[in-house]
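To begin, one chain is listed below as C-alpha cells, in the form predicted alone.
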Amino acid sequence: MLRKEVNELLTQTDPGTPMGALFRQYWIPALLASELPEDDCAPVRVKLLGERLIAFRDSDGRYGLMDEFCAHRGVSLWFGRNEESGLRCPYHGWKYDVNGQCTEVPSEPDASGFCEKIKLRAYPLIKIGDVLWTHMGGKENRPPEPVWEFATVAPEQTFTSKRWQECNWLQAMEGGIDSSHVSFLHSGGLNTDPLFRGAKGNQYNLADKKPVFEVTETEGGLFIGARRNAEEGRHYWRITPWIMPSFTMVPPRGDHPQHGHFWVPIDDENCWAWSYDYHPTRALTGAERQAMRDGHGIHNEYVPGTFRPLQNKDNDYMMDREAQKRGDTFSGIKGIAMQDASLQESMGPICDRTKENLVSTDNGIIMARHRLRKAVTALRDKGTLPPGRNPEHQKVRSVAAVLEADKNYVEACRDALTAAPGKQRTSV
C-alpha cells in the first residue's frame, strides 16, 4: 500500500504539481496524425496534463499546439478559422500562428505594434510515425526527439490507436505492467482473438497461473520478467520493458504483431490510453489491420465520432453474464482492451492505494512506483532530470522466450531486448 501523500504525489499531474513537472520533461503523444489530415483542416481540442489546448495544421503544413482560448476575451479557438497560415478567432478576428504568436489584431493600427505583445502559451508539435508528439516543458531541457521502434519502422509495419480512459493514468499504467492477470482476465481471448491465437506461449500462460516475478532496474526504467513453467524443466519468460514515465511494451506471441501502450494524463481523473501494434521485420497484413480497426487485440471500438470506447461505464461495458458463465470470457467483457479498462475504471477515478494488499506478483508495480517517486522528488528538490529521456533508453523490445532453468533472464535475452532496424525478434 501507499501512504495518502505518496499516492497524491504520483497521481496529480496538473500544472504546478511535481508529477506534472516530471511528465513535462518528455515528448508525449498528443494526437494521431490522422486528426490533422491536411493543411488548413479544422482545429482539434486537446487536453493534456490538466491544460486545455488547441491543435491545428496551417497552410504551410506546420503543426501548432497552443492555449485553447483567445487572449482577447477568452473565446475558444476551436471555433476559429484556419486560414492563410494562422488560426483566426471568429469573434473579433485576432489571429495566431503555430507558435501562439498573435499576428493580426484588425481593430488596432499596424503601427501600434500591439499584436507583437500578444502570445499564447504554445508547445512544439512534431510528427514521428503516425503520432503527433509534444514537449510541454522548458525549451532549455527539451530532450532529443523520440526514437521508439513502433514509430520509426516503415508505415506499413505499424498501427496506432488511442482511447479515452476514465481513470487516473497511474492505475491504467500499472495494469499494463501486470502480467499475472493474463492467465485469468484474458484467458478466453488468448485462444480466440485473431491477434493472439495460435501462439505456443498461450499454452504456458494458461497452464501456469502462478508466475514468479523478477524485476531488474535499467537506466531508463525496468525489465519486468514473469516466469512460468515450460516443458522439461525449462521456464517460459515474458519480459516487459517499462520506460519512464509511462511507456510499456507487451511481450510478443508467435509471429503476431507486438504491442504496447503510452498512458498520458488528460487530467487527474482521465487519461489517454495509447495503443500501438507493429512488427519489426514485416508489413502488417490486411487482415491484421482490419482486426485492429475492429477492436481486437489491445484496440477497441468507439462511440461514433469520438475516442470514447463503445463499451463504457454508462452501459456497464456491455457485460455478458452468460458468456462469463460459459467461459467465453473470464469477466464477461468483450475484448482485451476493454477487459483491462473496465476493471481499471472500476477502481474509481483515482485508486485509493492506502487500502491495497499487494503480493509477490505485484513486484513490478512496486518497483515502478519506487522509481517514479525517486525521480519526481529528485526533480522537485534538486532539479535532477529524470531517466527515460535518452534515445538509447527507448531502443527496447519486449521478449518471450523459453530458457533453461538456470539462466538469468536478462543476461540470456540481453541482445533480444535491444531494438535495431530489421533485427529479428525473440518470440514464442
Partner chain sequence: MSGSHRPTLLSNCTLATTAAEARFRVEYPNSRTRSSRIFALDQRAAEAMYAITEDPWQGAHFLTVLANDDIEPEATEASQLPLAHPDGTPADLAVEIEGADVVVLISSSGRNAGAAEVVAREAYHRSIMTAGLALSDLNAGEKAEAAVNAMRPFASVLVVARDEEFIPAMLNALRA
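Residue numbers count along the first chain shown, from 1. Computed from a predicted structure; not experimentally measured.
There is also a form predicted in complex with its partner chain; it is not shown, and the following applies to it.
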Handout entry: Contact residue in the model of the complex, chosen from Ile118, Leu190, Met318, Val153 - any heavy atom within 4.5 Å of its partner chain
Key = Met318
Problem - its partner chain: the contacting residue among Trp78, Phe213, Phe330, Phe307 in the model of the complex [heavy atom, 4.5 Å] - result: Phe213
Problem - Per-stretch contact check against its partner chain in the model of the complex, the hit in 369-377, 27-35, 65-73, 43-51 (non-hydrogen atom, 4.5 angstroms) - result: 369-377
Practice task
Please run the contact check for Glu83 against its partner chain in the model of the complex: heavy atoms, 4.5 angstroms, yes or no?
Solution key: no
Practice task
Would you please decide whether Asn390 lies within 4.5 angstroms of its partner chain in the model of the complex, comparing each non-hydrogen atom pair?
Solution key: no
Exercise for the section: Tell me, yes or no, whether Lys139 is in contact with its partner chain in the model of the complex, where a contact means a heavy atom of each within 4.5 Å. Expected result: no
Exercise for the section: Please check if Asn408 has a heavy atom lying within 4.5 Å of any heavy atom of its partner chain in the model of the complex. Expected result: yes
Practice task
Could you run down 340-357 and flag each residue that has a heavy atom within 4.5 Å of its partner chain in the model of the complex?
Solution key: Glu345, Ser346, Met347, Gly348, Pro349, Thr354, Lys355, Glu356, Asn357
